Ligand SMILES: NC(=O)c1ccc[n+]([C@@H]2O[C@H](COP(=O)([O-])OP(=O)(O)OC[C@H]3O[C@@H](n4cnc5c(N)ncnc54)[C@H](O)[C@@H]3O)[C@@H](O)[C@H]2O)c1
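Listed next as structure tokens is one chain, alone, in the form predicted alone.
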Amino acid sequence: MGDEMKIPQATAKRLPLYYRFINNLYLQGKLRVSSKELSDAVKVDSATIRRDFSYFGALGKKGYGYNVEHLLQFFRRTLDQDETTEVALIGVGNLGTAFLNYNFMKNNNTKIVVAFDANDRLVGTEIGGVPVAHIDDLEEKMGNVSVAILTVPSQEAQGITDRLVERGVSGILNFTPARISVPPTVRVHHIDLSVELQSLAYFLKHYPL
């Protein structure tokens, strides 16, 4: 991901949006796309898209747009789509079970390879093809996984986070309302579904499309 280190974080966050849309165009057999079409699809203005793409020298020709296949190859390289990122899921409740059944492989290269829970009825079973191990065996059964999804009760979040950090995890996707603390070497993305829903409702009300 050498290139991505040099680009602004805001641009890096938009890359998966672009990738998904361009991948769909490619699958439909489209050969090229204009920045306006991209803009309408991903809800980012054309000037921003052109600036984002200019960081990689992926400039379109005026009146021609961007070559879809060329962009797709570029995004695959930049987002490391050719390598699979292995993920651990901690907490096999309703949300955790949904993730295991979905398992991300339909549209990109992140894959949950192991899940952990304290429920003896689940331990030793497979959900969505993913083995469920006991939370006590976390350190032993994590393997080389560097990313974890946290779907545990809030009160468990920090203790498990400390164990994950100790085990060498570098990224955590936190679905618990708990605000976990980690050292500066670990990146955490917090996803609070109730906050996201409130935010959506607010925008619908105050900024109608």
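Note that residue numbering follows the sequence shown and begins at 1. Under this definition, the rigid core comprises the largest set of C-alpha atoms superposing within 1.5 Å between the forms. No experiment lies behind these values; they were computed from the predicted model shown.
Although it is not shown, the form predicted in complex with the named molecule is what the next lines describe.
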Residues Ala12, Pro16 and Tyr18 all lining the named molecule in the predicted complex, heavy atom within 4.5 Å
no
Tell me which stretch of 34-42, 66-74, 48-56, 152-160 has a heavy atom within 4.5 angstroms of the named molecule in the predicted complex.
152-160
Under a 4.5 Å heavy atom criterion, is Leu193 part of the interface with the named molecule in the predicted complex?
yes
Taking any heavy atom pair closer than or equal to 4.5 Å as contact, tell me whether Ile127 reaches the named molecule in the predicted complex.
no
Examine Val113 and determine whether its closest non-hydrogen atom to the named molecule in the predicted complex is within 4.5 angstroms.
no
Taking the named molecule as it sits in the predicted complex, is Gly168 in contact with it (heavy atom to heavy atom, 4.5 Å or less)?
no
Residues in 114-131 close to the named molecule in the predicted complex, defined by a heavy atom within 4.5 Å, in order
Phe116, Asp117, Ala118, Asn119, Leu122
Answer yes if the Cα of Ile191 shifts by 2 angstroms or more between this form and the one not shown on a rigid-core superposition, and no otherwise.
no
